[in-house]
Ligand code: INI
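Heads up, the chain below is alone and in the form predicted on its own; it's given as structure tokens.
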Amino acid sequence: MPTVTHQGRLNAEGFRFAIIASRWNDFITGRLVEGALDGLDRLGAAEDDVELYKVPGSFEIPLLALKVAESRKFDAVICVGTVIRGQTPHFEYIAGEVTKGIAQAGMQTGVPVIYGIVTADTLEQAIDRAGAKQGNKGFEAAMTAVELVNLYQEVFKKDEGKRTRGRGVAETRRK
């Protein structure tokens, strides 16, 4: 029996994106930001439709993600940062809370809040995930954001019957 499948397209035109990036481990996180910006650019996002916010560390990302998503100015929020395991339990606390906080921001607002945080056991692993051997997690987060905003647009258009291309998901919610 055939199944109806809904899947977002990879077209960023007409959507607005926020990128929230940690300054901690900036030599890695900066590469994640570059990857996210590259991905959005390749998929047609206008330069004026992307805003970058920088916070001190990954722990500060979830609250700003929540506030930015609540503003309804963006169709998706892309969170990028780097947490590298050390010799204390600090890594588990930070990585766990950041992950939960990012998920909660999306759940509380209905805006896609994308997890692009690199959690690594070593500096080498983090570098590999920021564009070396294992791709760029910032680029992947941008792809996820674009796919989801398109999928949400399709779902809202079907549900509301009045959705038009170029009005972001966030703008439709405000009406």
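Because the structure is a prediction, the values reported are computed rather than measured. Numbers follow the displayed sequence, beginning with 1.
FYI, the form predicted together with the named molecule isn't displayed, but the following is about it.
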> Out of the stretches listed (107-115, 32-40, 52-60, 140-148), which one is close to the named molecule in the predicted bound form, meaning heavy atoms within 4.5 Å?
Replying inline: 52-60
> Even though the named molecule is not shown here, does Gln153 get within 4.5 Å of it in the predicted bound form, heavy atoms only?
Replying inline: no
> Can His90 be called a contact residue for the named molecule in the predicted bound form at 4.5 Å between heavy atoms?
Replying inline: yes
> Hey, in the predicted bound form, does Val83 get a heavy atom within 4.5 angstroms of the named molecule?
Replying inline: yes
